[in-house]
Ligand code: GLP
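Starting off, we have a lone chain in the form predicted on its own, written out as structure tokens.
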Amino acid sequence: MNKINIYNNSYDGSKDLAKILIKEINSIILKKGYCTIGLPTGNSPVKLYEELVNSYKNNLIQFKNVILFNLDEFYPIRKDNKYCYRNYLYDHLLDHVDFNEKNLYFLDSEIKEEKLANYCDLFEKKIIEVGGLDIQVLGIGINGHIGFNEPGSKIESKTRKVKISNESYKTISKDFKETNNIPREALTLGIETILSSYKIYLMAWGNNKSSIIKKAIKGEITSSYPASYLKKHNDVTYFLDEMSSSKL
């Protein structure tokens, strides 16, 4: 069943999502000893990660038994590049809590091209080995992408290299100071990989997300808006603010 939670602003929504995630993670760890989660980057989860860090400092959660897979990554990009999504996750979350390094699985932005296909297969196998993703947290692009699954992505897609769409490229370039250094490709978990998660939480904040949220939730299921595939999943919760939900 898909649920929609609407909040006054992104702060309230992020705070509530953090509470729900903490409860969920603690419950899963109690049941099986560990919890597996996929996490996104970008502007949408910044406040969420602040809340998770604060909750850790207040002893409401520990992350040492959480296994993390990052959702997507630029390709190729050096791991010491400040725009590398791996570094984003360290800056906003991992450096401030007690994740165990052996439980962190990042898409390798420096992997050689000829090894890429095999590497992506192994990444998929690793997710299956740990029992699949208990939780996948997502943002959504203004063109409906989830991860870097751009318009045209197939529902049966798995972890792979993709081309970044022109629309996404324009959005990303606002964050890059040296625009000529933005990779035109990326690595991403696939749609099928995302849909295999037991629970999915999607955040969307602000007026610029209102049109795509309407299409993703109320429109038809289509590869033109990959987020619409989430309607095939039986446990998705959307976290929206008044602006992003204004067209529903």
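Note that residue numbering follows the sequence shown and begins at 1. All values derive from a computational prediction rather than experimental measurement.
Only in words, not in the display: the form predicted together with this ligand, which the text now covers.
Q: Could you tell me which stretch in 26 to 34, 54 to 62, 41 to 49, 213 to 221 has residues with non-hydrogen atoms within 4.5 Å of this ligand in the model of the complex?
A: Flagged stretch: 41 to 49.
Q: Tell me, yes or no, whether D134 is in contact with this ligand in the model of the complex, where a contact means a heavy atom of each within 4.5 Å.
A: Because no heavy atom of D134 falls inside 4.5 Å of this ligand in the model of the complex, the answer is no.
Q) Does I140 reach this ligand in the model of the complex, with heavy atoms at most 4.5 Å apart? A) Yes, I140 lies within 4.5 Å of this ligand in the model of the complex.
Q. Is there a heavy atom of K209 no more than 4.5 Å from a heavy atom of this ligand in the model of the complex?
A. The answer is yes: K209 has a heavy atom within 4.5 Å of this ligand.
Q. Any of the heavy atoms of I172 lying within 4.5 Å of this ligand in the model of the complex?
A. Although this ligand is absent here, I172 would touch it in the model of the complex, with heavy atoms inside 4.5 Å.
Q. Are all three of L71, H145 and F148 close to this ligand in the model of the complex, meaning a heavy atom of each within 4.5 Å?
A. Answer is yes for this spot.
Q) Of the residues F123, Y75, Y85, F99, which one places a heavy atom within 4.5 Å of this ligand in the model of the complex? A) Of the candidates F123, Y75, Y85, F99, Y85 is the one lying within 4.5 Å of this ligand in the model of the complex.
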